[in-house]
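First come two forms of one protein chain, each written alone as structure tokens, so that there is a structure 1 and a structure 2.
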Structure 1
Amino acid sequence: MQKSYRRRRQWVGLLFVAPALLLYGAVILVPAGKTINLSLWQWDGVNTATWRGLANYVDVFTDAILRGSIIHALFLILFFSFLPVLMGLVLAGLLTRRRWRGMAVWRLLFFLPQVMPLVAVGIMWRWMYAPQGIINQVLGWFGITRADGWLGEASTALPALGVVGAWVQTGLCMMLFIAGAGNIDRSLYEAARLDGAGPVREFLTVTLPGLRREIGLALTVTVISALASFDLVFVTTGGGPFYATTVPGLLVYQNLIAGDIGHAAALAVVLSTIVVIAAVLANRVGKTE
């Protein structure tokens, strides 16, 4: 009797979940399977496809431009993810240590880049990085200039884009950490102060462990943003100069436009795999005991 009741509950639960599973399969699994299938062929989208097997994947890791795009995306993680998380922790520690006047204004100013369209952000920073832009002018007072602008030289273009990403993501990380710090038991801070803990030790022993879940969430979101970056690169450098800022998302788009469906699909599969692995690792950071 009890077993039959459990089975009925399982079937009822499955009926409730079935629409969501069907929608997930139609929106996620079917396109993913189609992409994997396309990655095994050489096809221009019009003529008859030619079987290539895993050759497209070999090209992703042997072709200098395709392999370089993955390296660039991994490099951007330093700026899009690790640096914003570090800066967000510092800002959250400063803003939650005591009550500041105009706290709402500070939060708005730091979070504003996150809500701005990345296309607008890219255009704004492209002007600022231009040879006659404000950044070149200000740094020129210290003898640091770039004749072609900071986005016009291969050695500086990618780090310059990374700075933009850090500027955008820092506000999000800060808001996550401020919200998480509000859930930490205040008695822990009082106990730390009774033990003679200063601001730094208090942050390291109480605030930082209490924000572990929020840190994992921030790493997940920002790492995915770094790996899937497209619009910022598209409107600022277009992948140049000399492929110095190419990223997988941009090359997928360019290969699709050029009719190289196989390489575009293979690169998309590799990028998706890296994103999943990175998200799993970041999620492990956020696990609490």
Structure 2
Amino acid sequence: MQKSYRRRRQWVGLLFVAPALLLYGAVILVPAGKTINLSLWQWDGVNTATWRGLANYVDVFTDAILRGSIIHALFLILFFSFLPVLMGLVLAGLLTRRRWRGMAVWRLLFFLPQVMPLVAVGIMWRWMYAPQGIINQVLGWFGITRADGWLGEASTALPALGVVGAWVQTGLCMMLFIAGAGNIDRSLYEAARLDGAGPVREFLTVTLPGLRREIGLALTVTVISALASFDLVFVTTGGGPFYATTVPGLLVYQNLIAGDIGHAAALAVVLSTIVVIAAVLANRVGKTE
């Protein structure tokens, strides 16, 4: 009697999750499965497909342009993820220490880049980085004359895109950390102060450990955005100059519009795998125990 009740309860439980499971299956699992399937074929999207097995994956790992793109994406993590988390911590530390006048304005200003569409951000920075753009003009006031555009030189293009990413993500990190700092028990600060801690000591011993979960979250979100970056590169450099800024997301797109769905899918699968691994690692930081 009790046994059958328990079994029924199991089925009822499944019934409860069924709508969510079906939806998740339809929009996530089915497309994922289809992508994996497509990665094993050579197909232009219309005509008869030819079986390729794992050959598309072999190409993915042996192609120099592709390996370069993965290295570029990893490099972008420095700018999209590590730098914003650092800056976000500093800003949050400054802004939460005491009540500043016009706090809302500061928050808004730093968060604004996060609200703007990345395509608009990209076009704006492209103009700023142009040979006669505002950045070179400002440098000119200090006697530094630069005739080259920042996105036009192989040595500066990728870091220049990285700076844009840092500019966008810092606001997000700051907001997360300010919100997180609000949850830290005030008495911890008082205790630290009674023990004679200065602002830096206070930040390191109370704020930083208290923000562990938020830091983990910020790292996860920003690492994913670095690895999956596409729109910013697409509207600024298109992967150039001379492959200096190609990222995997861009190559997926380029293969797709060139009618090479198999390679695009194989690349997408590899990229997704890297993203999942990176996200799991980043998430570890946030685990409190």
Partner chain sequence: MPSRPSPRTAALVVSATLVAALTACAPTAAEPGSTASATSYSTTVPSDPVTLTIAYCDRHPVEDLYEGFKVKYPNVTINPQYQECSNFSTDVVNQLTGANPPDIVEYVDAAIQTTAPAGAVLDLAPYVELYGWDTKFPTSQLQQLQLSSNGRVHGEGSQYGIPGGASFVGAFYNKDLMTRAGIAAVPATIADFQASLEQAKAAGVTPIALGAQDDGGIHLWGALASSLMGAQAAQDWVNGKQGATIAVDGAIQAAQYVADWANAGYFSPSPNGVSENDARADFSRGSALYTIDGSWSMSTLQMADPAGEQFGFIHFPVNQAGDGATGQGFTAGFAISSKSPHADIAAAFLDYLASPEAAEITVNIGMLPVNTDPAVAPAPKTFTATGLRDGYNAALAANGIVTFFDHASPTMHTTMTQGLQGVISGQLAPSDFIAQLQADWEAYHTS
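Sequence positions of structure 1, starting at 1, serve as the residue numbers. By rigid core we mean the largest C-alpha set that fits within 1.5 Å across both forms. All figures in this text were calculated on a predicted structure; none of them were measured in a lab.
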Requested in this report: Assuming the other structure does not fit, state which one is the form predicted in complex with the partner chain.
Outcome: 2
Query raised in the report: So, does A258 move by 2 Å or more at the CA between structure 1 and structure 2, with the core held fixed?
Result: no
Query - Core fit, then I65 C-alpha moves 2 Å or more between structure 1 and structure 2 - result: no
Report summary line: Students should find the CA displacement of V46 between structure 1 and structure 2, rigid core aligned, in Å, to be 2.7
